[in-house]
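A lone chain, given as structure tokens: the form predicted alone.
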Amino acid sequence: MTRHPKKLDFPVSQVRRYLEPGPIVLVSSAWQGKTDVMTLGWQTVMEFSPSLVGLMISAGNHSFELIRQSRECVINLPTTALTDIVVGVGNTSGADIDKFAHFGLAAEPASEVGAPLIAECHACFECRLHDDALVDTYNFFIFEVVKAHVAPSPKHPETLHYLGGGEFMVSGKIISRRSQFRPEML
């Protein structure tokens, strides 16, 4: 039997508290000798093969032009161990400080793109711009992941999901319904 919880009117400007698409990531970039890292919560998987990921990057963000000009970035997946760094990176501008140095992040060379990997992150996904048709209108970049680096353990890291208002939700318990899926849907 399905429960029907009572629903109240809710401000549409706050629906992100329920619909954020995925974990907070740190996006690193490089262009003409300058590097930056930004905190980002607006990304979405768009396709499996090729592996396409959409990122909404505000034009007011210092990383925007580095990414637009270089046409590449690295999507780095932090865990809850980096919560304070995630917040700090998001509250500062790379126009004012070197965020790698300021926050003690180790920049490692990527193998396919010029932007650095962040060594402290659980996973790093090297990306090249696949489609920029929505950048001028919506600041929405579509990237192809061209190389993925993932720590083998833990299999399900604790990641941060931003709810707005300075609050995060931590990824929770894993439940499996694998046996209920058609094989081609896994």
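By rigid core we mean the largest C-alpha set that fits within 1.5 Å across both forms. As the structure is a computational prediction, the values presented were derived from the model and not from experiment. When you see a residue number, it is the position in the sequence shown, counting from 1.
The same protein has a further form, the form predicted together with a further copy of the same chain, not shown here; the description that follows concerns it.
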| Answer range among 29-37, 155-163, 116-124, 64-72 for contact with a further copy of the same chain, defined in the predicted complex as heavy atoms within 4.5 Å | 155-163
| message | Please determine whether Ile175 contacts a further copy of the same chain in the predicted complex, using a 4.5 Å cut-off between heavy atoms. | response | yes
| query | Looking at the partner-bound form in the predicted complex, is Lys7 within 4.5 Å of a further copy of the same chain by any heavy atom? | reply | no
| said: Please determine whether Thr83 contacts a further copy of the same chain in the predicted complex, using a 4.5 Å cut-off between heavy atoms. | reply: yes
| query | Heavy atom to heavy atom, is His149 within 4.5 Å of a further copy of the same chain in the predicted complex? | reply | no
| said: Just to make sure I understand: among 168-186, which residues lie within 4.5 Å of a further copy of the same chain in the predicted complex, judging by heavy atoms? | reply: Phe168, Met169, Val170, Ser171, Gly172, Lys173, Ile174, Ile175, Ser176, Arg177, Arg178, Gln180, Phe181, Arg182, Met185, Leu186
| Taking the rigid core as reference, does the Cα of Ser13 move 2 Å or more between the shown form and the other one? | yes
| request: Pin down for me whether the Thr159-Phe10 Cα distance shrinks or grows in the predicted complex relative to this form (closer or farther, change of 3 Å or more). | output: closer
| Quick one: Phe10 and Gln43 C-alpha atoms, closer or farther in the predicted complex compared with this form (3 angstroms or more)? | closer
